[in-house]
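Taking the form predicted on its own, here's one chain by itself in structure tokens.
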Amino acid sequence: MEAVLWYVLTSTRGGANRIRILRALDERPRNANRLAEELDLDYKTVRHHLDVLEENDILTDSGDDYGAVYLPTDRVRNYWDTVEQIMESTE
């Protein structure tokens, strides 16, 4: 999981926005529209990053397509020290 986190959050072009999204969702769960507004990102950009984060088991959603609420998975919570290390290294 640590290698996946480093790859998805730092080794790809969208890593900075994925970190912003993950940090926002750590504060509290949100849907894609709310994330787009609060992070001042395009809705489609947010949707793309949410898909990448879900595909890598970093986020999960409530299952309701349009209003789905996202939050970090239990698996990534077990590696939260690594997430924080990545966040600090990119600041």
Partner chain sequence: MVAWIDLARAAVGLNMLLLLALIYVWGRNYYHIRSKHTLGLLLFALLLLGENAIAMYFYSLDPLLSAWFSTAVPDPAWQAMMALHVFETVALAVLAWITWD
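Bear in mind the structure is a predicted one, so any value in this text is a computation, not a measurement. Positions refer to the first chain, counted from 1.
Beyond the structure shown, there is the form predicted together with its partner chain, which is absent from this document and is the topic of what follows.
Quiz item: Is its partner chain close enough to 59, 73 and 80 in the model of the complex that each of the three has a heavy atom within 4.5 Å of it?
Solution: Answer is no for this spot.
Quiz item: Can any non-hydrogen atom of residue 52 be found within 4.5 angstroms of its partner chain in the model of the complex?
Solution: Yes, residue 52 sits close enough to its partner chain in the model of the complex that at least one of its heavy atoms falls within 4.5 Å.
Quiz item: Even though its partner chain is not shown here, does residue 9 get within 4.5 Å of it in the model of the complex, heavy atoms only?
Solution: Although its partner chain is absent here, residue 9 would touch it in the model of the complex, with heavy atoms inside 4.5 Å.
Quiz item: residue 25 near its partner chain in the model of the complex, any heavy atom under 4.5 Å?
Solution: No, residue 25 stays farther than 4.5 Å from its partner chain in the model of the complex.
Quiz prompt | Contact label in the model of the complex: residue 48 to its partner chain, heavy atom within 4.5 Å | solution = Residue 48: yes, in contact with its partner chain in the model of the complex.
Quiz prompt | Residues in 14-30 close to its partner chain in the model of the complex, defined by a heavy atom within 4.5 Å, in order | solution = Going through 14-30 in order - heavy atoms within 4.5 Å of its partner chain in the model of the complex - the hits are 14, 18, 19.
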